[in-house]
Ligand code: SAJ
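Given as structure tokens, the chain that follows is alone and in the form predicted alone.
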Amino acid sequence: MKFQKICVIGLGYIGLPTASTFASHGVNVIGVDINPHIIDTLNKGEVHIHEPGLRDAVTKAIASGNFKAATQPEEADAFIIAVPTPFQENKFGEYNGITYKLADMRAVTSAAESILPVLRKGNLVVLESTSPPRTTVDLITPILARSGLEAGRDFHLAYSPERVLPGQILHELIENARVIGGVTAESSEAGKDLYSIFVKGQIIKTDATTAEMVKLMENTYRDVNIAIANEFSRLADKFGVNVWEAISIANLHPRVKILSPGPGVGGHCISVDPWFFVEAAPELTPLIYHSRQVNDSQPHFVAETVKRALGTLSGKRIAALGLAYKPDVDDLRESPANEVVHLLQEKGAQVLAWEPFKPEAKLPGINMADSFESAIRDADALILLVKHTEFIKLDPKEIAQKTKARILIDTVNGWDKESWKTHGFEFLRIGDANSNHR
């Protein structure tokens, strides 16, 4: 199947890199978003998100004439839906005494409905948004049927999840393996033809629901493994063990690979996707549910660690370093660092946060510093919440001259304990209760 024009709906962290990559490979692309600010920004040759190489990619795509942004879809050979699937606010499911979060599929529904006026025979529609199992067949198929066309007979329909790492999206879009799940074998083949335009990694064809489950399995697997690491950090704290040392020794076993603990789990994948399994089958997912409970409660463990370091949180001034959900990105979605800040403030602390990758961020209930120096200047303590490279490279000697704080709390094992202690800092690390005394 040949594709001369593609319509990408949703120009966020996945949609925009995908659109610009297709455009750079000679395809005419229209990018669609309901946010007029995003459209204006892109058509000016600028970008609204931070991702290495993305600004140059978008600029080149626009200059080539292969990319333009608009608020409504146009007729095309293929349509890609790459919109967010967050949680429903203040709505939860219940089963046998447990409460679980519910997926908000309104953006996916709206995106599918927006295609109806321009859907034609022979088109391909691909859902990329991470979704609960059977979304493609039970939600998207009936919506598109309102066009009078039948999925799998009159047009192709497939699910193909993104599987990329923020910070490396443009590279991994091309190099990573890709799974294409069609509602028919012909739809899978059409999806393979589409992504073969730029994908160098293996392209695996399957059915739509299997592809949906693959994406959820990948992130749920990681979530469960992070949960056991976070529980190990709490156990080590209780028993007076350095969990980081213990993990490094345990991982010498050839069949053991324990992940790193931290302040929690964030982002729009690992902290979200497992709930889609729980929502779809709460009676079958006790392990997944309890892993989510562990990781969602990890910020409380961190807040208690900070309280222990300071004696009390009431009136204490704390500089929170990092608000992104992972190192060296500007993505703040579902970030556990934000939750830690809120918990510290609820316990009476005065927190000033600094996020170098999004200094202009305005987050409800969080006071943002206008610079790193202003964040730390009058602090009683510094808490490292994100392992940004620039934080890891801080010089303890220089920092000692810029802040009156002499207490550090490291939640990500990013700082060398001895270097900071040498320059007069008390040092506490999660999962290492005696770190200031060893």
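Residue indices: 1-based, along the sequence shown. Just so we're clear, the structure is a prediction, and the values are computed from it rather than from any experiment.
One more form of this protein, predicted together with this ligand, exists but is not displayed; see below.
Peer 1: State the residue from 318, 269, 243, 180 whose non-hydrogen atoms include one within 4.5 Å of this ligand in the predicted complex.
Peer 2: Going through each option in turn, the one that passes is 269.
Peer 1: Looking at 323, 115, 349, 265, which is the one with a non-hydrogen atom within 4.5 Å of this ligand in the predicted complex?
Peer 2: Contact check passes for 265.
Peer 1: Within 4.5 Å of this ligand in the predicted complex, do 308, 338 and 344 each have at least one heavy atom?
Peer 2: No: none of 308, 338 and 344 comes within 4.5 Å of this ligand in the predicted complex.
Peer 1: Looking at 310 to 318, 192 to 200, 157 to 165, 83 to 91, which one sits within 4.5 Å of this ligand in the predicted complex if you count heavy atoms only?
Peer 2: Contact-bearing stretch, as computed: 157 to 165.
Peer 1: Residue 273 versus this ligand, in the predicted complex: is there a non-hydrogen atom within 4.5 Å?
Peer 2: Within the cut-off, so yes.
Peer 1: Just to confirm, residue 124 within 4.5 Å of this ligand in the predicted complex by heavy atoms?
Peer 2: Result no; residue 124 lies far from this ligand in the predicted complex.
Peer 1: Hey, in the predicted complex, does residue 332 get a heavy atom within 4.5 angstroms of this ligand?
Peer 2: Close contact is absent here: in the predicted complex, residue 332 is far from this ligand, nothing within 4.5 Å, heavy atoms only.
Peer 1: Taking heavy atoms and a 4.5 Å cut-off, does residue 207 contact this ligand in the predicted complex?
Peer 2: Contact check for residue 207: no, nothing within 4.5 Å of this ligand in the predicted complex.
Peer 1: Relative to this ligand in the predicted complex, which residues of 202 to 223 have a heavy atom no more than 4.5 Å away?
Peer 2: Read in sequence order, the residues that approach this ligand (within 4.5 Å, in the predicted complex) are 215, 218, 219, 222.
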